[in-house]
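Given as C-alpha cells, the chain that follows is alone and in the form predicted alone.
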C-alpha cells in the first residue's frame, strides 16, 4: 500500500513557474518524510506546465496519486447532476481537462463533490438521473483516454447523493465501466456506515476499491481521533490492495505537521 497526502497548488492565481516551484518543494518535503506520492486538489489543471511537473516527478521518483475535482463545484457551481444542462456540460468539460492532465501523470480522477447538491428547482429523482447520464459520458471519455475514475461516497451532511458504499456500488454496477471504481474515505465511512457490519463489508468489496482517503473522526490527522485505522487498513492490505491511501484532512495546525504526524502513525500501522 502506497501513501500520499492532498495538497493544492493555487494554479489559478499563481504564475506557471511559481506553481512548478511549489510542486517541487512539496515533492522534496514529502519524499523525505517517506511518502510515495501526492494527491493534487486542482481547479484549472490546464494552467499547469505539465512538462515541468513530469520532470519534477521523475527527478524525485514520485507520483501523483489522484486529482481532486471538487473545486469545480465549489468555485464554479458546475455539477454532474445540475438541473441546467449547460452547467452539467461544463462540469463534464472540466472533468475532461482533469483527464488530460491525468493521462500525462498516470493519476486517478476523483468524482466526489462535483456531482453537486440537489436544487429546489429540480427533484432528487431527476438529479440522480442527471448524475447517471453525465457519469456515463465521463466514463466513456475515461475509457477513450485510458484514465481511471474514482467515485467517492460522501456523507449526507455535505452532499445529497450516493452517501453510502452500497449506493455507490449500485451506481457503479449501473454505469458498468471498467474505468470507474470506488474510493473509500475513512471519515465518510465512519459517519454513514453501520459499525456492526462495516469491516465485513469492506472485505467483500475491496476488489472494487481503487483509492482510499484517510481522516480521523475529527477530520484531522489519522491517530488524533477514534477511528480504528489498524482494522481499516489491514482489511485492504490483507486483500492485496496495492494502490494509494491518501491523507485528506483539515490541515491544522499546518500541512507540514499533519504530514509528519500522519506518516509516522501510518508507518506504525502498516509496519513499513
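Numbering follows the first chain given and starts at 1. Bear in mind the structure is a predicted one, so any value in this text is a computation, not a measurement.
Only in words, not in the display: the form predicted in complex with a small molecule, which the text now covers.
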inquiry  = Each of 42, 93 and 97 within 4.5 Å of the small molecule in the predicted bound form, by any heavy atom, yes or no?
reply    = no
message = Looking at 193-201, 121-129, 76-84, 147-155, which stretch has residues with any non-hydrogen atom within 4.5 Å of the small molecule in the predicted bound form?
response = 147-155
request  = State yes or no: in the predicted bound form, is some non-hydrogen atom of residue 88 no more than 4.5 angstroms from a non-hydrogen atom of the small molecule?
outcome  = no
query = Quick one: is residue 47 in contact with the small molecule in the predicted bound form, heavy atoms, 4.5 Å cut-off?
reply = no
Residue contact check: residue 169 to the small molecule in the predicted bound form, 4.5 Å heavy atom = no
inquiry  = At 4.5 Å between heavy atoms, is residue 175 in contact with the small molecule in the predicted bound form?
reply    = no
